[in-house]
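Presented below, as structure tokens, is a lone chain in the form predicted on its own.
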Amino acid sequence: MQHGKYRFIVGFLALPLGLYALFVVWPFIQSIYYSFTDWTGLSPEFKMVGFDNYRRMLHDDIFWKSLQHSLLFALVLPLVTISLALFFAFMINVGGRHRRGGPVVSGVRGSSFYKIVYFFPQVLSIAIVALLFAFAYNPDSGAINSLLRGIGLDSVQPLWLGDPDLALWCVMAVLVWSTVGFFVVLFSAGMASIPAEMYEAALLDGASRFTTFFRITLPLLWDTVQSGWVYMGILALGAESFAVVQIMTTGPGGPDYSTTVMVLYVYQKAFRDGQAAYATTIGVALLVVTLAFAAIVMRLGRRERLEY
């Protein structure tokens, strides 16, 4: 059984690892290399400039604004999204009242319908979601201000995406709405695998729903929550935030750079301003931020593994 084991393993891993190195690792290495050049992205000619791009980045006020916004996304979005998803998943699977003749532990009435409703935003492309909310946030004809006028709040007509103090929070709300359903389904699957006898024993001992969540559900679901936290943070730092900001905001990234995030700034420098080398420099910074975020979450979330 042991004869040829390693050749067998290497044979299966060689192709996927080769593809990963070619399409993931190699572009990262190229980006780091180009960050030390003056490449415009439009010409095959470039020369080495050392750390000039990094010095420029450290003195770039827009870069620091975009970094601040990206860090805010990475801190706030996972916290809000994971918290809401855990609450909804708990109510769908465990939070219902005991019904005569039914199981001791069950979800609220209509839990199957709620799963479909929560997951529905995942069916839509993020571009469509961003367009829909861009129309809804329109201060003149949008659904939100129209609703406020309809209930007599004519004096409360925010500019939403046109207000530098509100625009970033409006974008965050869209990202939460579009992603929370995925985590509801993910956590629901995890909760469904927890033996019902644990909940029944806790309820017989007089434990409340609040206690069962923090003493049973969360500890047994911790690995899934930790993975979801990292995944949501990567979404907040990457493609999801770029798509929403690019489509919804004025500029995009406005007003007055109030919604500019790092991934959008990379795109603008590379494809709008023809400064590909400087864009890769910001991309390297984004890579460092993403890796640091994942490492911190994994380190702070480390705990003894519970089995059942």
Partner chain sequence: MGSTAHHGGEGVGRRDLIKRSAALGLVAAPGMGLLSACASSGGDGQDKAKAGKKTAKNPLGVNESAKMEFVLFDGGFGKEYAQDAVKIYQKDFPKATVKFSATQKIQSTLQPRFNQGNPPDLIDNSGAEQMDMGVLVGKNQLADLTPLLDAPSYDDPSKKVRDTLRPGIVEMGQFDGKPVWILYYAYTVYGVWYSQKALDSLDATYPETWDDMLAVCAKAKKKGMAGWTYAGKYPYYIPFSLYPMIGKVGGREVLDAIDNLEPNAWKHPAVKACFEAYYELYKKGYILKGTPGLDHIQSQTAWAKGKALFIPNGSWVENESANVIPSDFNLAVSAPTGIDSSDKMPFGTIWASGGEPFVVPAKAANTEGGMEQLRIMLSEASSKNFTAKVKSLTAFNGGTSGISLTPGLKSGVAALEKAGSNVVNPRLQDWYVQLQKEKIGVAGLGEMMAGRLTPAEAIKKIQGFADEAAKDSSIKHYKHQ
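Residue numbers count along the first chain shown, from 1. C-alpha atoms forming the largest set that superposes within 1.5 Å between two forms make up the rigid core. Not measured: the values here are computed from a predicted model.
Note that the form predicted in complex with its partner chain isn't included here; everything after this is about it.
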Practice task
Give a yes or no on whether every one of Glu200, Leu204 and Tyr231 sits within 4.5 angstroms of its partner chain in the predicted bound form by heavy atom.
Solution key: no
Practice task
Please pick, from Leu291, Leu15, Leu300, Ala21, the one residue with any non-hydrogen atom lying within 4.5 angstroms of its partner chain in the predicted bound form.
Solution key: Leu15
Fill in the blank from the handout: Checking Leu186, Leu84, Leu159, Leu220 against its partner chain in the predicted bound form, the residue with a non-hydrogen atom inside 4.5 angstroms turns out to be Leu159
Practice task
Just one of 279 to 287, 66 to 74, 235 to 243, 261 to 269 has residues with a heavy atom within 4.5 Å of its partner chain in the predicted bound form, so point it out.
Solution key: 261 to 269
Handout entry: Phe36: touches its partner chain in the predicted bound form, heavy atom cutoff 4.5 angstroms
Key = no
Handout entry: Interface membership of Gln275, its partner chain in the predicted bound form, 4.5 Å heavy atom rule
Key = yes
Exercise for the section: Flag Val49 as yes or no: does it have a non-hydrogen atom within 4.5 angstroms of any non-hydrogen atom of its partner chain in the predicted bound form? Expected result: no
Handout entry: Met57 within 4.5 Å of its partner chain in the predicted bound form, heavy atoms
Key = no
Problem - Residues in 27 to 50 close to its partner chain in the predicted bound form, defined by a heavy atom within 4.5 Å, in order - result: Gln30, Tyr34, Asp38, Trp39, Thr40, Gly41, Leu42, Ser43, Pro44, Glu45, Phe46
Problem - Rigid core superposed: Leu15 CA moves 2 Å or more between the shown form and the other one - result: yes
